[in-house]
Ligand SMILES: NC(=O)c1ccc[n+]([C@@H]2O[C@H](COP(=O)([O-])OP(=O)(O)OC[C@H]3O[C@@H](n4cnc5c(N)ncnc54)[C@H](OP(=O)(O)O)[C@@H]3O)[C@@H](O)[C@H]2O)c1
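Encoded as structure tokens, the following chain is the form predicted on its own, with no partner shown.
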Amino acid sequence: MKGKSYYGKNVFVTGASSGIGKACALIFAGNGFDVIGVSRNTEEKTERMPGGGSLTLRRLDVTDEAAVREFVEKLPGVDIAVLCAGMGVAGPAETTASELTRQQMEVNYFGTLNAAQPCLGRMRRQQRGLLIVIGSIAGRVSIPMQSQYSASKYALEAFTDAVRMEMRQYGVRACIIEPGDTKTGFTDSRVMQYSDNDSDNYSSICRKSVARMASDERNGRSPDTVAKAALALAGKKNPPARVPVGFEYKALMLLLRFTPDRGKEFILRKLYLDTK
């Protein structure tokens, strides 16, 4: 099967060794695109895919700005960039350690920025391209006990909005995909920042809140659903600004558009703080 593209067939994917990034790399390569995927920890290889495309995996740390820029500038082409690399920190806003907060932003925001900037430069010069950023529903509604993660995803929303306006004159489009609960290794690799001491002000509620999140994620959608959304964007001359994944999340975003802030907070408290 050949994937339709208004932008070209050269695809660059970050976070390509697992989860959503891996699913995106595979679906593009399986639909006739030539994909170069990067990750900090991956087996370096190149293979032809049944759909006529190719998949090349290389090691690269997105937090190393100079290395990422050099890598992207040497790519044979960058028509579509799918930026998926990310990690999660959970814990109370009051007590999350500053070094963990910086790590959260370093990977999720600055890691995306490091990859986006050289990709956008190449797209501008060739007068076409598509930037796809993997955000989160948590970038539209802040999740209690995940304030730092939500902040990093909120930042990606603002960045992508600005890119879309700035780059349109150069034939470059940008879109942010907003997955909800998704079944990936992200859940088990989430960094927890709270005390195991039951006398701690937050320990009990934080454990219960994160456990609820983890359960929802383990029973969530396949990362393939996010990858299919990304592939569909390649065939759109004018892709939407943002794409929530799944009917329930599209409906939720529509509902929240007309819900007062107090109403939103009430719903989120019931979901994540009033756990039994």
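All residue numbers refer to positions in the sequence shown, first residue = 1. Predicted model only: the values in this text are computed from it and were never measured.
Omitted from view is the form predicted together with the ligand, to which the following refers.
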Quiz prompt | Non-hydrogen atom contact residue 60 with the ligand in the predicted bound form at 4.5 angstroms | solution = yes
Quiz prompt | 4.5 angstroms heavy atom contact with the ligand in the predicted bound form for residue 184 | solution = yes
Practice problem: Consider residue 18 of the chain shown here, and say whether it contacts the ligand in the predicted bound form, taking contact as heavy atoms within 4.5 Å. | Solution: yes
Quiz item: Does the ligand get within 4.5 angstroms of any non-hydrogen atom of residue 91 in the predicted bound form?
Solution: no
Quiz prompt | the ligand: the contacting residue among 189, 98, 169, 204 in the predicted bound form [heavy atom, 4.5 Å] | solution = 189
Quiz item: With the ligand left out of view, which of 222, 41, 238, 215 would have a heavy atom within 4.5 Å of it in the predicted bound form?
Solution: 41
Quiz item: 114-122, 146-154, 72-80, 159-167: which one contacts the ligand in the predicted bound form at 4.5 Å, heavy atom to heavy atom?
Solution: 146-154
Exercise. Decide yes or no: are 31, 53 and 230 jointly within 4.5 Å of the ligand in the predicted bound form, with each residue judged by its heavy atoms?
Key: no
Quiz item: Who in 76-90 is close to the ligand in the predicted bound form, meaning a heavy atom within 4.5 Å?
Solution: 84, 85, 86
